[in-house]
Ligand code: TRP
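Only one chain comes next, encoded as structure tokens, the form predicted on its own.
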């Protein structure tokens, strides 16, 4: 019986962090024996932010090494670079013929990123889409939002549909894009009267999604937030980051509610520390004897116990360029085989045929 196809990708815009590891990579490793797994590095998606070419190439290599160091196995999974699959770019063009500008402009991620790019501030309460479009057009005189940012959901849909993936692990911020992927699949199938694309579903590994908080006292860990612990961080850097993590003045009375910054540190500790260590510091908070400096030192060492073996593997893998080249060449060959077959079906039903 054929295994279900799983697909996930990470943009090549910087190192992977603890949130990537606990939120995704650990689960990817566990899935490799049970599913037809496809993991890629989304370098085409990264172009929406106009990265420096040298930095883009270095980021692709870095994330590839981090994928492998975290446990992704090229013998069990198809690991590839998005731009190594030219069929993706062609299907991106063809699928865009069935996508409306309006539905793309209404996506939450486009609105947020466009406003940041143009410096026009967050949406006002009750603002409508037409007003937003006028803001975009008016701002274009001095700044611009590239078309790749607008059509990001189409490219994401193509990544999924071209491999005919049925399970796609995504975070809450990507759920709207996955719903658009299902809509595009239904629209294409209906328009041409075919059953070519399956409708992919989110896959949460059978449990609530792990939310890894950052070190700034609010929100989740994220590259753009500057609050990350990276898998590649050396001990000195990591310890310094943790010791600078936001806390509060400390509990003033027994069993008082835990503030968000301190709750974040406990959340990190629950991911990386032994249960008895977590229990010790929770009790210390409850009876007002806690010393945040001691908690942070313990947390830093427990995080290092997780990241040090990964960091060492990353450095070993980065030094072996022949191995990296073999991994992406083999991955591209496997990914292109399915992508080419899907694209041939699409061209056939759309009437793009050779005489």
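Only a predicted model underlies this, so the values are computations on that prediction, with no experimental measurement involved. Positions refer to the first chain, counted from 1.
Not on display, but discussed next: the form predicted together with this ligand.
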property	result
Candidate spot 42, 156 and 159, all three touching this ligand in the model of the complex (heavy atom, 4.5 Å)	yes
Interface segment, criterion being heavy atoms within 4.5 Å of this ligand in the model of the complex, picked from 65 to 73, 299 to 307, 322 to 330, 42 to 50	42 to 50
Of 230, 152, 203, 285, the one that lies within 4.5 Å of this ligand in the model of the complex (heavy atoms)	152
Partner-contacting position among 168, 180, 104, 145 - heavy atom within 4.5 Å of this ligand in the model of the complex	168
Residue 174, heavy atom within 4.5 angstroms of this ligand in the model of the complex	yes
Any non-hydrogen atom of residue 11 within 4.5 angstroms of this ligand in the model of the complex	yes
